[in-house]
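Consider the single chain below, provided in structure tokens and representing the form predicted on its own.
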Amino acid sequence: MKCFSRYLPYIFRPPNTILSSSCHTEADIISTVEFNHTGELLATGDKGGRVVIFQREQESKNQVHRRGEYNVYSTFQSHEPEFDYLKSLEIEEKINKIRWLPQQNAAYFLLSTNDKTVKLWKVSERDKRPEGYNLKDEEGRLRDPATITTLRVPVLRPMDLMVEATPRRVFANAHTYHINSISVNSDYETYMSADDLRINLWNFEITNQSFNIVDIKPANMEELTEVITAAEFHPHHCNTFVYSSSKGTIRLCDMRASALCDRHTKFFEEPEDPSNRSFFSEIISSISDVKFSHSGRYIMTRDYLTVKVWDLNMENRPIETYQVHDYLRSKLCSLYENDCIFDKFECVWNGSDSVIMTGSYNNFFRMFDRNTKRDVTLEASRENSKPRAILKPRKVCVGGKRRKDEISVDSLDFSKKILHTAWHPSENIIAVAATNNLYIFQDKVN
């Protein structure tokens, strides 16, 4: 397991406001984190509907070690709170997911979604402005044609760099239930959005209609036994996608087989151990995140206590199971009472699919090396936020005598949780969202 050191403790704050981590509003809490395909940009969304994009600094000859630091590149309001008058329901502005599109030109494009509406944003730079219009004056007002006696050729003048974010498409009115996932297809012409009961396929050029590819809504809602929790396209095969359910199952679907993928191609489920059966079994088996490996050979799923890796060629059981915080098994009753048992943790692969990362409580996050089978627990907190300081592994003591560097399971702070993480696509740089703070760590530089 590689050792990670902090570059800078990037603290995510709302625009034009300075807040400490102990003094924040609900709107400041980070709800999603995502690197773009090159890793040069990092986007975060929060519960206030804002998107903040960080850009990686370029390497300078004088300060080589500063390569890798991220600074704020652009901030914009993606979604606003709305009200559904037909159902008398408030629609939160919270950003549920952000997904980047591969860069095709000088501009960047990303998808962002709240519970109901997906938006396609264009982020571009401007460092020149046109001057010398014939029909407009310098203030932009229309001129009287009778006063125009000469023909001027407009010219471009240099100006301070300005980053603009503009909405290019708005995909709305297609989901009855809350959107939990969006995924860009490998053909880069389509993407899918998933809610609790349906998955829709969209074309980027068409905003007024989508194609329903999965519908698990029963005729009688009283017969509802499971919901869709996450969905993702295969990284290389545009016809294949996977979705997970609250029953701990994963379904692989092939759009070539049927227009409506109500019949899965493969069904992944691990038989439950009867000796571990309890009142909480169904809740903790619910899958909160599913991710294809970069190679497309494996699927990773995260439930409440474990991360599992599945081989696409073996449906009956996972090939790897990693315990994230098994010491909480004895605390499930209290976690149920304070609703923490319903927290939805995400999981990510590193660029080579050899290491897995996921979050936990007390601002801890876990990393598992698939080759060496070693694991480590690290902490993202402002208390140990000295720049370039090496992160020390943390250990949780379950019972008996507690060592000096260990923390008791009874001392864990369940209000501090790391639900959202991201890994640079090619380097050992990770982003960890801890409430309203964003931490960026890099592999130790010798």
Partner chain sequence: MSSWVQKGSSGRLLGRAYDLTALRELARLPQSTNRYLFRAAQSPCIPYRRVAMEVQKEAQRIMTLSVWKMYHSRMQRGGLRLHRSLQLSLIMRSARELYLSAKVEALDLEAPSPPARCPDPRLHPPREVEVPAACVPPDGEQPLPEPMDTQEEEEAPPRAAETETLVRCSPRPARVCRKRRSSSLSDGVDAGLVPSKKARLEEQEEAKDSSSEVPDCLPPPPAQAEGAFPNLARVLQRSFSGLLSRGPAASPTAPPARDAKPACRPADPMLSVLVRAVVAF
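Given the structure is predicted, the values throughout are model-derived calculations rather than measurements. Residue numbers count along the first chain shown, from 1.
The same protein also has a form predicted together with its partner chain, omitted here; what follows describes it.
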Review point. Which among 353-361, 289-297, 190-198, 123-131 is in contact with its partner chain in the model of the complex, heavy atoms within 4.5 angstroms?
Key: 190-198
Review point. Thinking of Glu92, Thr225 and Ser330 as one candidate spot, does its partner chain come within 4.5 Å of a heavy atom in every one of them in the model of the complex?
Key: yes
**Study point:** in the model of the complex, the one of Glu205, Glu164, Asp339, Asp84 near its partner chain [non-hydrogen atom within 4.5 angstroms]
**Key:** Asp339
Point to revise | its partner chain: the contacting residue among Gln323, Ser246, Thr265, Ser186 in the model of the complex [heavy atom, 4.5 Å] | key: Ser246
Check your understanding: With a 4.5 Å heavy atom cut-off, would you call Met221 a contact of its partner chain in the model of the complex?
Key -> yes
Review point. With a 4.5 Å heavy atom cut-off, would you call Glu315 a contact of its partner chain in the model of the complex?
Key: no
Review point. Is Ser210 close enough to its partner chain in the model of the complex to count, meaning some heavy atom within 4.5 Å?
Key: no
Review point. Can you check whether Ser334 is within 4.5 Å of its partner chain in the model of the complex, heavy atom basis?
Key: yes
Review point. In sequence order, which positions of 105-126 have a non-hydrogen atom within 4.5 Å of its partner chain in the model of the complex?
Key: Asp115
